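One chain is shown next in structure tokens, namely the form predicted alone.
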């Protein structure tokens, strides 16, 4: 079978079951298995694919058709100009979370920031993306999952950011005693009852620890806000991701803990996505 036919078949099969990005997923599979690039997929569309390679493609296709995300199959995901190692022990980085990195970089450009704290760091994608753009700053990423911390350390080494970054297993800020100029976080914010409504690719292949925000989805914000003042400098900025319908509740939680809202940011779909506080 030639390359063009395999690509068409993959696209059709993915489309049939409602996968949102059938063409993209098909291209990624073919590029990974056959060691091709985007140009090859066009210029070599008549390439005859060996049977053993077709078998590998079919195996991966079956996993994708069963709901496993492409990123979890190949154990990597692109996020803010870098490729991160991921696993089932960390949340799959989402494009909307890149907004946190943009806000942080803009803030750092205009203010003196010596260090950053990332709460619930997961793969380390937020912290490491910021540090990569700001080589004079150091950062600490904390996570309750030792497996996640292991992945974050691998990404730090991969991106040559080991001298700028440290990672620590900690239940939120319980093991943190230093003061930070900038705090970033994408905490769990899905209500426990809503977990079962999530797509199969999320509820099965992302860790529940990174998703479940308690009965109302707001537990993480309460825990963070209640202990945050202890570990931040006087004018520190807090940048935090929220669920699309949580802005009023999260703002209220932080106000009750003596924080003021600086700005609310929308994602590309116009939904509330990130809040900043001081």
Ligand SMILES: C[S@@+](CC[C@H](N)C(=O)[O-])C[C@H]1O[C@@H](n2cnc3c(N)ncnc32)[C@H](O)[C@@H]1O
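All figures in this text were calculated on a predicted structure; none of them were measured in a lab. Residue numbers count along the first chain shown, from 1.
There is also a form predicted in complex with this ligand; it is not shown, and the following applies to it.
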Stretch in contact, per heavy atom within 4.5 angstroms of this ligand in the predicted bound form, of 164 to 172, 132 to 140, 103 to 111, 192 to 200: 164 to 172
Using a 4.5 Å heavy atom cut-off, which residue among 182, 91, 151, 99 comes into contact with this ligand in the predicted bound form? 91
Give me the residue from 34, 209, 28, 47 that has a heavy atom within 4.5 Å of this ligand in the predicted bound form. 209
Verify the contact flag for residue 121: yes if a non-hydrogen atom of it lies within 4.5 Å of a non-hydrogen atom of this ligand in the predicted bound form, no if not. yes
Should residue 155 be counted as a contact of this ligand in the predicted bound form, where contact means heavy atoms within 4.5 Å? no
Residue 126 within 4.5 Å of this ligand in the predicted bound form, heavy atoms: yes
This ligand contact in the predicted bound form: residue 85, any heavy atom under 4.5 Å: no
Check each residue of 173 to 197 against this ligand in the predicted bound form and list those with a heavy atom within 4.5 Å, in sequence order. 186, 187, 188
